[in-house]
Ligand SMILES: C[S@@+](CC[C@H](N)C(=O)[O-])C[C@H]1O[C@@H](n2cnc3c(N)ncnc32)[C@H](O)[C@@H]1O
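There is one chain below, alone, in structure tokens, taken in the form predicted alone.
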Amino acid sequence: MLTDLPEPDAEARVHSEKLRRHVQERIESAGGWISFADYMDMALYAPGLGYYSAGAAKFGEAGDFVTAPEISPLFSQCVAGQCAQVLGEAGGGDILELGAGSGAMAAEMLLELERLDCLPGHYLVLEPSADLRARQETNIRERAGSLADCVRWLDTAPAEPIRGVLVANEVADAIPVNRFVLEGPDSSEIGVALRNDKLRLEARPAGPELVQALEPVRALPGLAGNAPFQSEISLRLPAWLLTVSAWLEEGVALLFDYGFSRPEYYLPERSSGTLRCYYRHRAHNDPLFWPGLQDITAWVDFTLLAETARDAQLDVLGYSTQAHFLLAAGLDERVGRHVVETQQLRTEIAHGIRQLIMPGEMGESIKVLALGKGDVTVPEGMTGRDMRSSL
């Protein structure tokens, strides 16, 4: 129930109203309706107004959600081990993290890479938000000290493709999606309209681009009936991966995200889609609730990523769950390194591990896709359970 969500303060209300007016102007200029992808893009990324572009805390206990690097440093340490494998075999290189969140991953990875005597030439962070960059720099320096000097922040794409490792943790699920409804032979697109000065979700006949993109979905067994099936598809995801591939000259890209293969994603029983909104650690289904003050995400179609990888000159090295990745990447060994002095710390570590690997938590929901370019070997973390046949 949205009535259970805490009310924003006066300043946050004013901020949200500015973004709502910005959306309203776009709708009016577009003739009264915009795609949900366009709305989601503004809600998350409008300069100075969107959720990821403004100054409110987003990650951790003070924000709206918690990601794996905030849950336990063991996650980042395991990822760092995979980076060390790639960098060691290549004789060095750089790491590029897309959207560094709170900076927790960068800090822990640098500390672990120093322990492994395998620091990168540079640790690059692509972060267009000036506010987040400032928070990241403070956090990394507090946690990792002088190792923060290795970090270089980028506003836009790197000037030259890197040789090394590209890491994207929960990035693809924030790429705007188009929402649709299939009913018999008809395809509709859900967008955002303005009715009585209020934003409303409204369906219209799908355009040619969306109809074509939905052909592989329609071909799936179980969706040929007349019952309405509502979900989402990211028309922007292939272009994003093609762009990311251009940033990697040689090396490995590790993509972590909530998602499914296409047959799992569009199961008949999943007839309301995967779109979710997060506001102060509460999940709900209304993307129009206080625009700019909440995160909006949709799970990732990893089959679409794998298909695009071929066009992007990337090899699919592995596809697995986060739980199997972490266990194959040496989670148990890293737990054993911890000297735990109090019962409270033991409890915190155990709780973090449960959240990372248990099926009811992140363990099965988050998948890992490893993509390679050039002469690279499969990272050890991808050897625990090979799920590529499901893509």
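Computed from a prediction, not measured in an experiment: that's the story for all the values here. Position 1 is the first residue in the sequence shown; the rest follow in order.
Omitted here: the form predicted in complex with this ligand. The next part is about that form.
Of the options Glu189, Glu97, Asp301, Glu108, which one has a non-hydrogen atom that comes within 4.5 Å of this ligand in the predicted bound form?
The option sitting close enough to the partner is Glu97.
State the residue from Leu223, Ile162, Leu126, Leu288 whose non-hydrogen atoms include one within 4.5 Å of this ligand in the predicted bound form.
Result of the distance check: Leu126.
Determine whether any heavy atom of Trp240 comes within 4.5 Å of a heavy atom of this ligand in the predicted bound form, and answer yes or no.
Looking in the predicted bound form, residue contacts with this ligand include Trp240, since a heavy atom lies within 4.5 Å.
Should Gly81 be classed as touching this ligand in the predicted bound form when contacts are defined as heavy atoms within 4.5 Å?
Because no heavy atom of Gly81 falls inside 4.5 Å of this ligand in the predicted bound form, the answer is no.
Is Leu116 one of the residues lying within 4.5 Å of this ligand in the predicted bound form, judged by heavy atom distances?
Output for Leu116 is no: heavy atoms all beyond 4.5 Å of this ligand.
Can you check whether Gln294 is within 4.5 Å of this ligand in the predicted bound form, heavy atom basis?
Taking the distances in the predicted bound form, the answer for Gln294 is no, it never comes within 4.5 Å of this ligand.
To test your reading of this chain, name the stretch in 190-198, 146-154, 126-134, 312-320 whose heavy atoms come within 4.5 Å of this ligand in the predicted bound form.
Going by heavy atoms within 4.5 Å, the stretch is 126-134.
Are Tyr45, Pro69 and Gly101 jointly within 4.5 Å of this ligand in the predicted bound form, each by at least one heavy atom?
All three within 4.5 Å in the predicted bound form.
Note that this ligand is not shown here; using its position in the predicted bound form, name the residues of 154-171 with a heavy atom within 4.5 Å of it, in sequence order.
Heavy-atom contacts within 4.5 Å come from Asn169, Glu170, Val171.
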